[in-house]
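For reference, the chain that follows is the form predicted on its own, supplied as structure tokens.
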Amino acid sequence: MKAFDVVVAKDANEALALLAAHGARAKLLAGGTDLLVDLKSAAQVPDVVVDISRATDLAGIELTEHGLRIGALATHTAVMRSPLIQEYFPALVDASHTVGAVQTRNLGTLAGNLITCVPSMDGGPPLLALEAIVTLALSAGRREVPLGEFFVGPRKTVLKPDEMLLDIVIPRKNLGKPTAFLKFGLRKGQALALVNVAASAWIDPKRQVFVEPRIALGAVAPTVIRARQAEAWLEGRPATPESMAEAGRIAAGEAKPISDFRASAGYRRDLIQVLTARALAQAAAQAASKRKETSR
């Protein structure tokens, strides 16, 4: 591995200035759980590593007028411990808890999980099911990108060489939306997902039907995907086991899983069908529990 320079950026503006100066020859370092592995094996080591781990304006988890903001430096452990996320989005706590070992969760960031963009990422499905938006910045300005448009392919996003991710925002309209995350791997801990699924939905209290259902699937296509056909079919349907099972069947048909040494494509389709139905059932159960609490 060739030598490279390390520069510590005190805030986002300084990091963006360094990216503008060095472009593709620079890499950002936050938690480093992915980048440091890449630096040991990558043929093209950057000339400059920009350390943003001390940029306090990129940290924090807070409610804003736009929704719940998760800063780019928020670690998986910070997500798990956040009272706001525990209250509004416990499914994201569940997803962060499945990421690696405790050391990885203490260092690795949720934003880094998205940027690395492996199809089996755990943070992607619940955020996609909640229609999260990422804020991207150049030295010349900012843009907001729906998370589903952020992913391009395996390990590829729309991020430009001189651009950085500032934060992740879950829209205010989805605050408290019942959501569930499920993951199936070959062992209980520190396992890549064979399939992971997140489902969110409101349940109409009078008609007991699904409203704005969202289903996100991981490890079953080149990127994390929405099962849009299943969502469209489920809209307005009764929140029954039969409806959830059919939504799972439709979602399995939308996926494009591969066969590899860990599982066959057919087995993954079976998992999608089962996990989708279970995630929807858990989301519906959360909605029922909230109704009981508010009626007391």
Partner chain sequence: MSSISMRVNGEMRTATVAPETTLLRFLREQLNLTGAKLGCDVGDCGACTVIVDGMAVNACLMLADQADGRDVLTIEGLATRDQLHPLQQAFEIHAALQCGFCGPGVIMSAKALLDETPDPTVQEINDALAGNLCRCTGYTKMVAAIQDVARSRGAGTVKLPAPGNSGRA
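Numbering follows the first chain given and starts at 1. What you see is a predicted model; the values in this text were computed from it and never measured.
Form predicted together with its partner chain: not shown, discussed below.
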For Leu29, is any heavy atom within 4.5 Å of its partner chain in the predicted complex, or not?
yes
Using a 4.5 Å heavy atom cut-off, state whether Arg105 contacts its partner chain in the predicted complex.
yes
Give a yes/no on whether Arg143 approaches its partner chain to within 4.5 Å in the predicted complex, heavy atoms considered.
no
May I ask you to state whether Ser243 is within 4.5 Å of its partner chain in the predicted complex, using heavy atom distances?
no
Ala232, Leu63, Ala265, Leu36: which sits within 4.5 Å of its partner chain in the predicted complex by any heavy atom?
Leu36
Quick check for you: of 93-101, 168-176, 210-218, 134-142, which stretch puts a non-hydrogen atom within 4.5 Å of its partner chain in the predicted complex?
93-101
Would you give me the residues of 61-98 that have any heavy atom within 4.5 Å of its partner chain in the predicted complex, in order from first to last?
Thr77, Arg81, His97
